[in-house]
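The chain below stands alone and is given in structure tokens; this is the form predicted on its own.
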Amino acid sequence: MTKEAAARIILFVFFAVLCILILIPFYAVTVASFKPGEDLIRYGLNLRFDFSVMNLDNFVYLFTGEHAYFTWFFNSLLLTLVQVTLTLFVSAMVAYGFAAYDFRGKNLLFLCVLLIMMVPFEILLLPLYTLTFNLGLMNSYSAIILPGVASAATIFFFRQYLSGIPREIIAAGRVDGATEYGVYLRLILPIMKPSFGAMAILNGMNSWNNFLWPFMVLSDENKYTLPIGLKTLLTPYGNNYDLLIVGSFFSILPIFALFMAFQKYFIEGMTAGAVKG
């Protein structure tokens, strides 16, 4: 056996084991969604496949019971769509400015973007909360969307991606009479499709799973996002594990659908830098 063949076998085994480890939690949640809440309280989240206790009662309760699950679900869906769209639009334009133009203070401003990436969000919570309160945005979706519109990590990724695009393309567009917006919309955006796919997945996951900041600014139950709503099912006075576990199972589906829709662009976008030049 050659060294190359041995390396391939080792890599295959490694990724197979990694795949199994990643799939185990999904399997556990799927199995638990068919079990009554009492079983989860008694035995916890486990991998035991017991046909004697498995049924569809949790799913029936999800679709026919009296609860606000689908209100939370569609709130999260709406917020994710709006936030991802605005983040990609604004961050791509900022990154294009860094990559395509030379202006005074450009490197300093980009250094500020890198420094913002290094600051944990928890440090910004108090000043951001104070600013949101002073602006009168509490208990509104604007308070959730606006702070993440210009994402430092997304700007950095787009800028690095655009750095690999020859500037001759931009110059050719200008020679042909296109405006600056025309160059961006007609020439640059089509080239950026892989990077948009990659960032759509990553920003979509962050927005969909965001809990801490929405939890701090939202007080109306009808405006709760899905992570907050699921958290309210666990209280000192009673726990609705039946809805919690099946609701958690369905909360995975939008992210899975998002990845399946953009996986081709995700792979292209993430590997673009490896084939640069």
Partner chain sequence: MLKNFLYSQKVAPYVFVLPFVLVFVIFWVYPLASSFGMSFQKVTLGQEAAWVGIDNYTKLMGDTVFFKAVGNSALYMVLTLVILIPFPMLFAVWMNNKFMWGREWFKSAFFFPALTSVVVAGTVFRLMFGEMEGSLINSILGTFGVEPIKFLKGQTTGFIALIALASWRWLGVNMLYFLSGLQNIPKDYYEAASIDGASAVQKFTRITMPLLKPTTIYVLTISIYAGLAMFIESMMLWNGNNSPKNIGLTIVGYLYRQGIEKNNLGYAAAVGIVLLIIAMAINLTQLALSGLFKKED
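Quick caveat, the model's predicted, so the values are computed rather than measured. Between two forms, the rigid core is defined as the largest C-alpha subset superposing within 1.5 Å. Residue numbers count along the first chain shown, from 1.
Here the subject shifts to the form predicted together with its partner chain, a form of this protein not shown in this document.
Undergrad: Which one of these stretches, 161-169, 74-82, 141-149, 192-200, sits within 4.5 Å of its partner chain in the model of the complex when only heavy atoms are counted?
TA: Of the stretches listed, the one contacting the partner is 141-149.
Undergrad: Of the residues L56, V53, L212, A68, which one places a heavy atom within 4.5 Å of its partner chain in the model of the complex?
TA: Only one option qualifies, and that one is L212.
Undergrad: Since only the chain is shown here, I'm wondering whether A261 would be in contact with its partner chain in the model of the complex (any heavy atom pair within 4.5 Å).
TA: It does not: once its partner chain is placed as it appears in the model of the complex, A261 has no heavy atom within 4.5 Å of it.
Undergrad: Heavy atoms within 4.5 Å of its partner chain in the model of the complex: does L234 have any?
TA: So L234 counts as contacting its partner chain.
Undergrad: Does its partner chain come within 4.5 Å of any heavy atom of I155 in the model of the complex?
TA: Heavy-atom contact with its partner chain at 4.5 Å: present for I155.
Undergrad: Within 4.5 Å, heavy atoms only: does N46 come near its partner chain in the model of the complex?
TA: Looking in the model of the complex, residue contacts with its partner chain include N46, since a heavy atom lies within 4.5 Å.
Undergrad: Can you list, in sequence order, the residues from 94-113 that come within 4.5 Å of its partner chain in the model of the complex, counting heavy atoms only?
TA: Sequence-ordered list: V94, Y96, G97, F98, Y101, F103, R104, L109, C112, V113.
Undergrad: Taking the rigid core as the reference frame, is the Cα of V31 displaced by 2 Å or more between the shown form and the other one?
TA: Passes the 2 Å threshold, so yes.
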